[in-house]
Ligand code: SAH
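Have a look below at one chain only, the form predicted on its own, in structure tokens format.
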């Protein structure tokens, strides 16, 4: 099960929320550490401090629901229903959703009957010493949801399952064939001679209406090139899926019994393999293996990674697919390793509202987070269990190499930058490290760069639209380039009448450089040229000033200030009774 999000509206619900969170923390200490680590309290921003803040309840609940996150909402059931109503369509795919009274006096399962919502309701109600308000007929009669097998098992057909439970409720009895320990304590009407049977098997359901078939996920499909080479999945994703399904069909195995797809590590970057695994609905894992004489590569992969008793089955005539069938369910995390992922993100200028959703998603899913200490702290709140690797701001290349080392081990890594990662930030350092490495393991890492709101854009938006026409961004730091280059670029940009955004304008180590830069700009710009100074925009205590080039002094600026020097057309005007001023550069030129 995914970790639930415990959502509250005000401080009055916090104590109950923490009691529910403690339930999952205690459980995680024994059986489900990942669930415990990810279970967080989500609170309305400005009302109460918790683990995660949100700004609008409806949007937040819909986002959690769409991601498949179980929801425990400490508010009225009607509020939750109205928020989620537009998304309700597929009963078989919905996550558990519960409403809990703020004081813990009521626990009401709302959605996700096939995803274990009633089990959650019983657990939470027991922790709060109340009775859950369960209304599902099968649950009330049998004490369990027969149609909701535990992780590692899959129901063959939901429609048939509903008919089966309906027959039980009408007075039929059943027998159990196969291993179903989760039903040992269920109050099912049992009879060894019953017409109905609950059958737990990896074999495909034959369509009989007197059986409820549950498939244990106990099959691994190893896939290599049809020509026997190391590079699996050289065909299309559809072709790979067809080969795996044909192999399963040849042995009478149900596709839902598939636990994972396994491929050679050399094929880790093949997008067709990832697409094939997604179409099959299983994780994709990788391993290295050396085949013994006469042993096909697919079988060698299975031999290399499986440490439990299993039967190896030939998959197809080309021996490019092999199946491992185990008597036990298989945890995909124990097979080989996943493809590592490195995501370079920008936090924006600092305020959580200005971070793009894709960056927050990457942070939530990461196992490891790297970055300059200050920026990593800005990225919070982080969930328990994530490994944080904070470093000094001058260790960019070491940080990039470390990120690739972690990702090449199969970890999900996020590299944090402020603003936009591609603007004077870590994206270039990451790509430089990758190019210089010539490392195949690093090249196989799934690398993506998530844009952010840069300091220049955030400052411009506060002022109005000073970047409304052609502009350039210049760093005045000479740590990585000679000052002579900076002077040349300043001169050309000033002469071209571009709006200029200055990053790293001044520091204790080089207090003279901004004055030198302004001297150059003043050769080409009138004293009346408008300048916008944004200090800590998007962070607490941020300030915005607009002045002229003649008025600007280096003492007005520090390292945390964004300097935007307007063009000859940049203008300012006051608006409304408040006297608010706006600065913009017209889109026309002439």
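Positions refer to the first chain, counted from 1. If you're wondering where the values come from, they're calculated on a predicted model, not measured in any experiment.
One more form of this protein exists, namely the form predicted in complex with the ligand; it is left out here, but the text below deals with it.
Visitor: Quick check on residue 504: any heavy atom within 4.5 Å of the ligand in the predicted complex?
Guide: Taking the distances in the predicted complex, the answer for residue 504 is yes, it comes within 4.5 Å of the ligand.
Visitor: With heavy atoms only and a cut-off of 4.5 Å, decide whether residue 537 touches the ligand in the predicted complex.
Guide: Yes, residue 537 lies within 4.5 Å of the ligand in the predicted complex.
Visitor: Might residue 112 be said to contact the ligand in the predicted complex, defining contact as any heavy atom within 4.5 Å?
Guide: So residue 112 does not count as contacting the ligand.
Visitor: Check whether residue 560 has any heavy atom within 4.5 Å of a heavy atom of the ligand in the predicted complex, and answer yes or no.
Guide: Taking the distances in the predicted complex, the answer for residue 560 is yes, it comes within 4.5 Å of the ligand.
Visitor: Could you tell me which stretch in 435 to 443, 413 to 421, 261 to 269, 115 to 123 has residues with non-hydrogen atoms within 4.5 Å of the ligand in the predicted complex?
Guide: In short, 413 to 421.
Visitor: Could you work out which of 214, 514, 425, 73 is the residue within 4.5 angstroms of the ligand in the predicted complex, going by heavy atoms?
Guide: By the 4.5 Å criterion, the partner-contacting residue is 425.
Visitor: Quick one: of 336, 349, 340, 138, which gets a non-hydrogen atom within 4.5 angstroms of the ligand in the predicted complex?
Guide: Going through each option in turn, the one that passes is 349.
Visitor: Since the partner is left out here, which residues of 426 to 457 would have a heavy atom within 4.5 Å of the ligand in the predicted complex?
Guide: Residues within 4.5 Å: 454, 455.
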